[in-house]
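Given next, in structure tokens, is a single chain: the form predicted on its own.
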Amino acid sequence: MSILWDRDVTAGDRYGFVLGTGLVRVDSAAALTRALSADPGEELVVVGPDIDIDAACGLTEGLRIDHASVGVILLRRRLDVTVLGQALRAGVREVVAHDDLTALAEAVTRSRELSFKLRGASGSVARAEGKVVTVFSAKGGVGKTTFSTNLGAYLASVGHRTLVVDLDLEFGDVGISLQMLPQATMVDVVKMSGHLDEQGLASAVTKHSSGLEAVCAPAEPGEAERIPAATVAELIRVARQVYDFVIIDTPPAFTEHVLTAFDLSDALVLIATLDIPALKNLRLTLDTLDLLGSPREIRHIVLNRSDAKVGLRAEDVTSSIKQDIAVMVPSSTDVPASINRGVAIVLDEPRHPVSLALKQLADDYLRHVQTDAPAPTAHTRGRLLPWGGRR
């Protein structure tokens, strides 16, 4: 729930999309104080653009003492240095233009995150954050979605609550790979932007028989344009509070969505095959990650179809990328067969050589990964060659 202090009776309709269906509008400081007393768990107050600045700041100063974790966002019709200075001195977290709903949504997300941390610091017991693993590839047809779904299914089968997020928003195949029929997709997550919580996330996931859960890509490619990167960030941050593992399946480009996933990842699984184009693009991927400030220690190189007789060897890969290969996965026609049946080979044939390699990746490199790696500090935009095909 959020509280909107605004005398305009239509304000709830105007800001409801951003602030959520549980929005409570009050028309006075006294009513706002009563609303906060009625709901001690409230963490957000938005002050309308026509509320007097002195009254808004006075309220905020009081909240800093009585409700320290409650964030105040001030809406103004005109932003100027005087207003900004007065508001920030009073403890207002952000000042936003009243007609900029995108900026308001982002401010709401940041404020809720800060409130969560403050509540944790005040003595409440917070659940340990889950681990975010992004699976990425620089060439089509190398098995990215197969890796994402099988890793997720295996982790779920051994008792970890696991979510796969399909960030290939135009042509994602996570759902069809496991024969899941999603009733909700990433488009439904957008509707909850700025106020996404555990309950809202649960309404957007599709469950697999293995126990794995997934947020699937939109049914229509054109819907991808409706999904902002800020929503992806909010989804990942909420998901890691709920799940032990969040596996991110990605599209064939360094989109804003992918960059966001990189920023929030504890581990990167980078897949390559024994061919020159794949090695070239893996090298470019590693160079780009260096530019983004991504820690090298969180990157795990996986060589798929490692036994293919194509004139290149694993040693050629390590020489080219100057980094060790974490896991080598053999070729097998059983993998496309499992995809066509809509099953995870790691569960359907647990002793298969491919399954054993996938389990090794999960057990040796993902299940014990730390979640305190430094986050990248900059974004560099660029195109990456297509990827995301199957074995």
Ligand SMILES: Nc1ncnc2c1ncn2[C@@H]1O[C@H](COP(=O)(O)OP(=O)(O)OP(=O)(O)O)[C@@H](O)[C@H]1O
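This structure is a prediction, so every number in the text was calculated from the model and none was measured. Position 1 is the first residue in the sequence shown; the rest follow in order.
From this point on, the text means the form predicted in complex with the ligand, which you will not see here.
- Judged by heavy atoms within 4.5 Å of the ligand in the model of the complex, the contact stretch among the candidates 50 to 58, 326 to 334, 26 to 34, 359 to 367 is 326 to 334.
- Shown here without its partner, the chain carries G143, D168 and R305, all of which come within 4.5 Å of the ligand in the model of the complex through at least one heavy atom.
- A heavy atom within 4.5 Å of the ligand in the model of the complex is found for exactly one of G194, P252, P218, P182: P252.
- Looking at L63, you'd find every heavy atom of it more than 4.5 angstroms from the ligand in the model of the complex.
- Taking the partner from elsewhere, L44 is found to have every heavy atom lying beyond 4.5 Å of the ligand in the model of the complex.
- Contact annotation for I339: at least one heavy atom lies within 4.5 Å of the ligand in the model of the complex.
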